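We begin with a single chain expressed as structure tokens, specifically the form predicted alone.
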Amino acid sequence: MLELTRFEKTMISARKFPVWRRMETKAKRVYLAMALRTFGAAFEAVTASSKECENELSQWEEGRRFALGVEPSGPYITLEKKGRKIRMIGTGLKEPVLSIVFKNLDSAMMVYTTYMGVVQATAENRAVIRGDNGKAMEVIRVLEIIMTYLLPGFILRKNFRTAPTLSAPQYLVMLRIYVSLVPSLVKTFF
């Protein structure tokens, strides 16, 4: 039989207290709000630098607005295509034509802690698409490009059926994205 560590035993006994659930839920909401804002900044940084995103976005109509979030009461972010880039409009639902929302905090945590990818979460019925499925797949393709540039290879291999490989010029784009992500994150959080 598997022996539990002292920490695991402490966590199991702490979960028995009613206040624990409220604290855990609040912590998940705070984490997800930060993760969504980070993804909003990442959409801006990657779509400004990546040729793959530029090619994908060339097919989108101007002003396409979409949201990412968690049911039943958030957090959410809304993004919009402006020119050749995607810009974060802000937190909350701001009249999106398409929403990709997770059914609960735990399902969202699995994706935003990179335990699983968005495609797998949708396949497992953990996420709901409200709007045109074709447009949702376009958003997910852009999201996968963003994840390719942001996440290290060992996480990509875990979340993608076939992990993308980057060429030398793409690594330079990745470096440029990381540099441009810092000001975007500062703008997003302050």
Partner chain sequence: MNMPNFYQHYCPGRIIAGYDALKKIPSLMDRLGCKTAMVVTDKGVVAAGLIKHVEAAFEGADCSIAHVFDESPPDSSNIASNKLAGLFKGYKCDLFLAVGGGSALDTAKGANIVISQKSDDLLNIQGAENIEADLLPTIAVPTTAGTGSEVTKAAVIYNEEKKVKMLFSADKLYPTMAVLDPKMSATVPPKITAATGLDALTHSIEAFINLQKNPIDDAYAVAAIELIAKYIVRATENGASDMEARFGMANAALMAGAAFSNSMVGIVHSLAHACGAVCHVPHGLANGILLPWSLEYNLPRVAEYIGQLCEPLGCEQTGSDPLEQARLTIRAIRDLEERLNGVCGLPLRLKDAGVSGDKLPMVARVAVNDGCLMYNPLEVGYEDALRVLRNAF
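Positions refer to the first chain, counted from 1. Remember, predicted model here, so these are calculated numbers, not experimental data.
One more form of this protein exists, namely the form predicted together with its partner chain; it is left out here, but the text below deals with it.
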Heavy atom of each of 116, 124 and 134 within 4.5 Å of its partner chain in the predicted bound form = yes
Its partner chain contact at residue 91 in the predicted bound form, heavy atom, 4.5 Å = no
4.5 angstroms heavy atom contact with its partner chain in the predicted bound form for residue 144 | yes
Contact between residue 104 and its partner chain in the predicted bound form at 4.5 Å, heavy atoms?
-> no
4.5 Å heavy atom contact, residue 161 and its partner chain in the predicted bound form = yes
Answer with one of 48, 150, 129, 35: the residue that has a non-hydrogen atom within 4.5 Å of its partner chain in the predicted bound form.
-> 129
Quick one: find which of 23-31, 36-44, 65-73, 134-142 has residues within 4.5 Å of its partner chain in the predicted bound form by heavy atom distance.
-> 134-142
Let me know which residues along 47-66 have a heavy atom within 4.5 Å of its partner chain in the predicted bound form, or say none if there are none.
-> 59
